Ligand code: CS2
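Here you get one chain, nothing else, as structure tokens; it is the form predicted alone.
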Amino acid sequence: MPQAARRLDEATLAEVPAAIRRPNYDRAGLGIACLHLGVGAFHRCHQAEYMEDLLASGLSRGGLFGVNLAPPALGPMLGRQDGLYSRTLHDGTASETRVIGAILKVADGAAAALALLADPAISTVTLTVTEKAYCHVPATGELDEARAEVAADLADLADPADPAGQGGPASLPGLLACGLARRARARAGPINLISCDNLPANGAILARVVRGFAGRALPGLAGWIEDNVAFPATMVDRIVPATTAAGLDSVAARLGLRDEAAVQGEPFRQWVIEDAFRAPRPRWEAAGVEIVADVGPHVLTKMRVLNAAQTMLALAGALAGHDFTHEAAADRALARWVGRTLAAETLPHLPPAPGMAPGPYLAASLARIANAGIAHRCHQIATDTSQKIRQRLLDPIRACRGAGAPHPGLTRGVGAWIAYLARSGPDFGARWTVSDPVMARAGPAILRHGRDIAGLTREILSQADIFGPDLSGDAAFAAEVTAAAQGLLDAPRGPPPAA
């Protein structure tokens, strides 16, 4: 369709059709309640909507200040729209659109984040920056000092002539540690740093990498962090695929206005936060957020059921020629494998999580993935699998082993990852480009081993920072994964999916 000539912003907000919900409060009279780092599609469709609910109900007089540390830049997207954007929820063929106004200010880059971290008016920071941004060793959660951006930040801070580094810290741990150092010097008070990324014990990992960086580069800061900074653990959940050009056109037709920041997702949403705060924070519980003493069981259930199912269906689905995970979920053979595997190998080892009974949660998760209204690309979910595979597949395998139980279905999931990596190589047609930090090491291995899947599997599994010392050194496990990967590569498949 032709592009709408006018853009969604404060001046055009009144033109939005009356049937579409829009902010019912005076945005100009609000303060800032929270800083958010990483204003991607997930944040705009998840945490920002919770804040919108608080504002709409009159339970908050503060909105969000959003900062992106990496592309895309917010200025050309949200800045030009005065922070306004729409979110559309799809359930099969039914859809519902709402205009969100909770993001009041936006900025880009480390300098803006550093200034806000030292601002006494900011007492709560939330983050959705992707798993790899934490610069941690996946197998241990410790700061990875060998990461290029971490090493560069440490070197910058070691230079008295340039203590801030050129343009500010490049790594998330460096940025947060430097921001906290500024906050301590400014006597700006306690602060909550709340990770909303899909990491097990995400609060603990965030605390570990920030403290690890501070201990290496900022002497004397550790004690202040201990006394003044909270790192609550969280669990977040809503399926939010990347918005396509066709999706933007569809939203423009609904709004009668162009919205370059539009997001689309499913109706289901969940947010669970550990009750471990040091500073004032929004009254999220009034909008449906669960504040609990222990987030761990919720996190394990979500990661080992919903997220594991997504990963298994994405990897095997791409190998079978499916573009989207809802297509993989409609593939009876794949859906049967995933459902039976998780029911038999994962559910028996989950701790009780209030409101998340394992059997019904598995059934609901598979139904959510099968929602044809959500066009979630297999390759999008397969991105950064090396950062996710431990919590989704490897730790459940360890739970099976600890109980003396077999785990052939989960092993096949690991094999699907090896096969997915192999298919990116020229010996298997270079079907797609893998987006994952592991490719710095896996790429040369794929070229060296060619069609030798046993050799490739052994080399990938030997990476103890991903597989841990137990699985990386297990020859029998490597043989089982090899057999699974080879079987997937040899299976009949449809046309290659779009990368």
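In case it trips you up, residue 1 is the first one in the sequence shown, and so on. Bear in mind the structure is a predicted one, so any value in this text is a computation, not a measurement.
Omitted from view is the form predicted in complex with D-mannonic acid, to which the following refers.
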Contact test in the predicted complex: residue 237 vs D-mannonic acid, heavy atoms, 4.5 Å: yes
I'd like to check something about residue 391: if you look in the predicted complex, is any of its heavy atoms closer than or equal to 4.5 Å to a heavy atom of D-mannonic acid? no
In the predicted complex, residue 310 touching D-mannonic acid (heavy atom, 4.5 Å): yes
Given that D-mannonic acid is not shown alongside this chain, does residue 198 nevertheless sit within 4.5 Å of it in the predicted complex, heavy atom to heavy atom? yes
130, 250, 380, 140 - the one with a heavy atom within 4.5 Å of D-mannonic acid in the predicted complex: 380
Of the residues 207, 306, 114, 221, which one places a heavy atom within 4.5 Å of D-mannonic acid in the predicted complex? 306
Option from 338-346, 104-112, 82-90, 237-245 whose residues, in the predicted complex, bring a heavy atom within 4.5 Å of D-mannonic acid: 237-245
Partner contacts for 437-458, taking D-mannonic acid in the predicted complex and a 4.5 Å heavy atom cut-off: none
